[in-house]
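We begin with a single chain expressed as structure tokens, specifically the form predicted on its own.
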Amino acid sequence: MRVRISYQKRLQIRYTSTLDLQSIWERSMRRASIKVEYSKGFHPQPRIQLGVPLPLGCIGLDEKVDIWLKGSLSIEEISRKLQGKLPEGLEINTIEEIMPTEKPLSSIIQFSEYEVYLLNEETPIKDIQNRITKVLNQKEIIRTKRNGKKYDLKPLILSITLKDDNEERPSILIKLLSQSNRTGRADEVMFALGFSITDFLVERIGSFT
């Protein structure tokens, strides 16, 4: 049985890595007395498959994980068993059963949408809009990965929009490619816009096919 869980990764665990998050799901299933299938071979691993990795420090409103379970349980029973077994900051939105032969999440997701909240109230709205326009008009945006390799961020950006609804703080909506070999990062877009890491908070709205 294969289930797909949509969940929220909230502020309390935003610095939890993808690897640690996989372990959290494994432990939570064990605590809930839900048996997870394991891969075959010399080093069996739990069959838990996360969607597009969420960078450290980001909040996720609609993250997804596929988990293969032993036996057959109703969605209601899975939900009931998991009640109170997840750590603070990890909240389930929905659970659904999917076909075991369905393609991996990493191969069907095409793009992700983010809302980035600006924490520095001193930055003028007009200045933010000018920065966005300048970045969108650039032919290329060369950034450097953690391994030192350079890449062009520009073709990974689908859109950048300033959201100003007369609230206390404006936010920036960013749509980026999220494919296995072409994935943009919202924080890198913010750096290209001239912001520092303490100027914003990234929230991923969701990843879509």
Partner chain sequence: MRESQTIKEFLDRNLITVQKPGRYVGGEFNQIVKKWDSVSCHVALVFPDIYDIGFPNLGISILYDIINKHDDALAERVFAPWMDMEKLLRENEVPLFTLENKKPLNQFDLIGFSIPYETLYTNVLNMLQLADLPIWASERLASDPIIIAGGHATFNPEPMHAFFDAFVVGEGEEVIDEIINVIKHDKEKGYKREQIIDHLAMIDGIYIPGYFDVEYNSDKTIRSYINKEQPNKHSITKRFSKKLPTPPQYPLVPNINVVHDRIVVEIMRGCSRGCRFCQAGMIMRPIRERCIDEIILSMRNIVINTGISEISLLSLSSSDYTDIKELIDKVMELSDEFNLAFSLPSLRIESFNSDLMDSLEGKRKGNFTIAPEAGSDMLRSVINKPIPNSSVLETVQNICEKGWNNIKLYFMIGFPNESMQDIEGIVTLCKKVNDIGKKSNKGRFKLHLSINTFIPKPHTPFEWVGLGKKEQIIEKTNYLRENLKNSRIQVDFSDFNSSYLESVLSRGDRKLSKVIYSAWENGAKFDAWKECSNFENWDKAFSSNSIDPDFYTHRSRETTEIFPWDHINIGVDKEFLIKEFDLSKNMQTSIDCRHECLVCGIQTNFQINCSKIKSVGVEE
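Bear in mind that the values here come from a model prediction, so they are computed numbers and not experimental data. Positions refer to the first chain, counted from 1.
The same protein also has a form predicted in complex with its partner chain, omitted here; what follows describes it.
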| said: Is its partner chain in the predicted bound form close enough to 38, 56 and 120 that every residue in that trio has a heavy atom within 4.5 angstroms of it? | reply: yes
| query | Heavy atoms within 4.5 Å of its partner chain in the predicted bound form: which of the stretches 60-68, 173-181, 149-157, 22-30 has them? | reply | 22-30
| task | Would you please decide whether residue 86 lies within 4.5 angstroms of its partner chain in the predicted bound form, comparing each non-hydrogen atom pair? | result | yes
| said: Considering non-hydrogen atoms and a 4.5 Å limit, does its partner chain approach residue 193 in the predicted bound form? | reply: no
| message | Using a 4.5 Å heavy atom cutoff, which residues in 6-21 contact its partner chain in the predicted bound form? It's fine if the answer is none. | response | 12, 13, 14, 15, 16, 20
